[in-house]
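Presented below, as structure tokens, is a lone chain in the form predicted alone.
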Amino acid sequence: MNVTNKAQILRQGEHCNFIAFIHEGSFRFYYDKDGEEKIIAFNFEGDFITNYRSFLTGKPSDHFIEAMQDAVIYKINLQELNSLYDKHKNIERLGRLIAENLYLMVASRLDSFMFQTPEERYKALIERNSRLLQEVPQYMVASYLGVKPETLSRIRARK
């Protein structure tokens, strides 16, 4: 599936009924709080992307998923996935691996806020995707790090 820049593949309030694999492009996972965007994650080529809580529970998503550039994703909905699980037992293993991958991403993000400074989170983000600074506005990177843009400017100046 081709996705254009700034297209939202999930909106706040919608049920997330898919898991997608990013073949090309990048996405941001965020929510809106009092008119201010709070970025939870950036996802890049090779990542799976979903609101897994909404996917599993059927409840509305509190988050948006938006393309940050033109992208290509492979998307499967819950019904199709369950059908594959029923027909092909090896696909269940793939589903478990996807779930584990998504869990590890969330656990890593939580750990980063518990055990790392904003500067360490910035360094880890840049190590994961060095193009990020050229592709993503500074206010988005600051939001992801949990700091104000001015603080990010100071962190970048120390490098």
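Just so it is clear, the structure is predicted and the values come from calculations on it, not from any experiment. Residues carry their position along the shown sequence, with the first being 1. Between two forms, the rigid core is defined as the largest C-alpha subset superposing within 1.5 Å.
Missing here is the form predicted in complex with the DNA; even so, the following discussion is about that form.
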(message) With a cut-off of 4.5 Å between heavy atoms, is residue 153 one of the residues that contacts the DNA in the predicted bound form?
(response) yes
(message) Can you tell me if residue 21 lies within 4.5 angstroms of the DNA in the predicted bound form, counting non-hydrogen atoms only?
(response) no
(message) Under a 4.5 Å heavy atom criterion, is residue 118 part of the interface with the DNA in the predicted bound form?
(response) yes
(request) Verify the contact flag for residue 137: yes if a non-hydrogen atom of it lies within 4.5 Å of a non-hydrogen atom of the DNA in the predicted bound form, no if not. (result) yes
(request) Align on the rigid core first; then say whether the Cα of residue 8 has moved by at least 2 Å between the shown form and the other one. (result) no
